[in-house]
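Listed next as structure tokens is one chain, alone, in the form predicted alone.
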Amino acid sequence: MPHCITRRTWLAGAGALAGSLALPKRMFSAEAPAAAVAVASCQTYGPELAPTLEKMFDQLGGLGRIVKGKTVAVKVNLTGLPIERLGFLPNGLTHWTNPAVIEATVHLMGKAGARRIRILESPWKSAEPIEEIMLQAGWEPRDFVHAAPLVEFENTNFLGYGKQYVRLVTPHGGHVFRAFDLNHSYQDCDVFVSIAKLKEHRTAGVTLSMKNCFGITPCTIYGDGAGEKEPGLLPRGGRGILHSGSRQPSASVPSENDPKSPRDAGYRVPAIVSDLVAARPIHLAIIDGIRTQTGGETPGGRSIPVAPGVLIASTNCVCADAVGMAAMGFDPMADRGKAPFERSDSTLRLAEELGVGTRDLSRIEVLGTPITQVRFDFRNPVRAPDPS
């Protein structure tokens, strides 16, 4: 069971921690679990969206069995700065989770009986409230508040509204980290949901429901400006040290399993993501591919807006991402050297090794629309028309 740790507790407990979290032998699952994945064609963020999502959740056994009477934490994808845009397009049509998908999901969770819904994100380098980040992008946070009976927001880039960080241990010792210290919201929930965007990633190949969780790490501990001995009070700098391994996180938390392991970001980022989703399991993965962009996780020189017109959901994040990759025209069994992993290891394979889920499509039941009907070639894309 995860436990809490204050900013100073590490001084008294460092010796005990070293023993309790001694690096174990790797005991990866021989056959990772499989779960059904719901797929639906959806062309707009208009009236068709909520009924489509509701049907998908029903195909997975109903949203009520997942959220009724429970506190639900929802990690959304608001990567980069609010002012970063692809041309003049709103962020939700390119690299952010679209607000309509978040609002519809929150509404359906409230309708299904969720007791409390907490929307989470760790905006880059920022301790500003998530609501302020949304306002800067032209969103209206009250739309989410009014979508269900009790909706809260928390910036998890630092302690936020909590008084102490919580420690979540990675099963089987992890690839890079055997445990993480995170904002309290990632423990103080019964259900954890990742609402991601269907995108490529310049470092990790793709960013789907699992890579969305890279941002649950607080920059006060895992950021470039994190305190050396203990967490900083506020985030200063991005998560460059997780990419490069140029330094260890704050000494108050477990350091890397092997500081001599590869410093290559193409290995580190996928490996750390797989450790995170093993330590903080995702109960419901939702991928917004109605409109998105190609070429990377944020607007860049090679990015163009596209409209795959697809939604994906599953109770297993690896299975969801495997279907997401297939919908993007990629082979989910691919690994380093093959698209989209030309310069990285596969997060799917690394998470599969930790027993999180399978990436083998032959073991995954696809419900709803067949993958062949929603496949969109991200390497030979058709540019989306300007929104009317």
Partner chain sequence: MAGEAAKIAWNGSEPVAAIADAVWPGVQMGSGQGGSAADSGPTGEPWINANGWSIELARARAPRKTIWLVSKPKGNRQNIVIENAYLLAVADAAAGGARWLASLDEQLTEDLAARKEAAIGRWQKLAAALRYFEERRSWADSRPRAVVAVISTFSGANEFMSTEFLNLAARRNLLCSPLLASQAATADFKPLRAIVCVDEEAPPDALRRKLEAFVKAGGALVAPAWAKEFSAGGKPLSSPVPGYDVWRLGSGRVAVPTAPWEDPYSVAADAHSLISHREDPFLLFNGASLMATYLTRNGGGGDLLELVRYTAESQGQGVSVLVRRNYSSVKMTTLEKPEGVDIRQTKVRDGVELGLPAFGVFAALEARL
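Numbering follows the first chain given and starts at 1. The structure presented is a predicted model; accordingly, all values stated were derived computationally and were not measured.
Another form exists, predicted in complex with its partner chain; not displayed. Remarks below refer to it.
Since the chain is shown here on its own, which stretch among 69-77, 157-165, 246-254, 308-316 would lie within 4.5 Å of its partner chain in the predicted complex, judged by heavy atoms?
-> One stretch meets the cut-off, namely 157-165.
4.5 Å heavy atom contact, residue 86 to its partner chain in the predicted complex | Residue 86 belongs to the contact set for its partner chain.
Is residue 171 close to its partner chain in the predicted complex, meaning a heavy atom pair under 4.5 Å apart or at it?
-> Because no heavy atom of residue 171 falls inside 4.5 Å of its partner chain in the predicted complex, the answer is no.
Determine whether any heavy atom of residue 125 comes within 4.5 Å of a heavy atom of its partner chain in the predicted complex, and answer yes or no.
-> Contact with its partner chain, yes.
Classify residue 129 as contacting or not contacting its partner chain in the predicted complex by the rule of any non-hydrogen atom within 4.5 angstroms, answering yes or no.
-> Contact with its partner chain, yes.
Taking its partner chain in the predicted complex as the reference, which of 215, 232, 295, 141 has a non-hydrogen atom within 4.5 Å?
-> Selected residue: 141.
Only one of 227, 149, 240, 300 comes within 4.5 Å of its partner chain in the predicted complex by heavy atoms, so just point that one out.
-> Checked against the cut-off, the match is 300.
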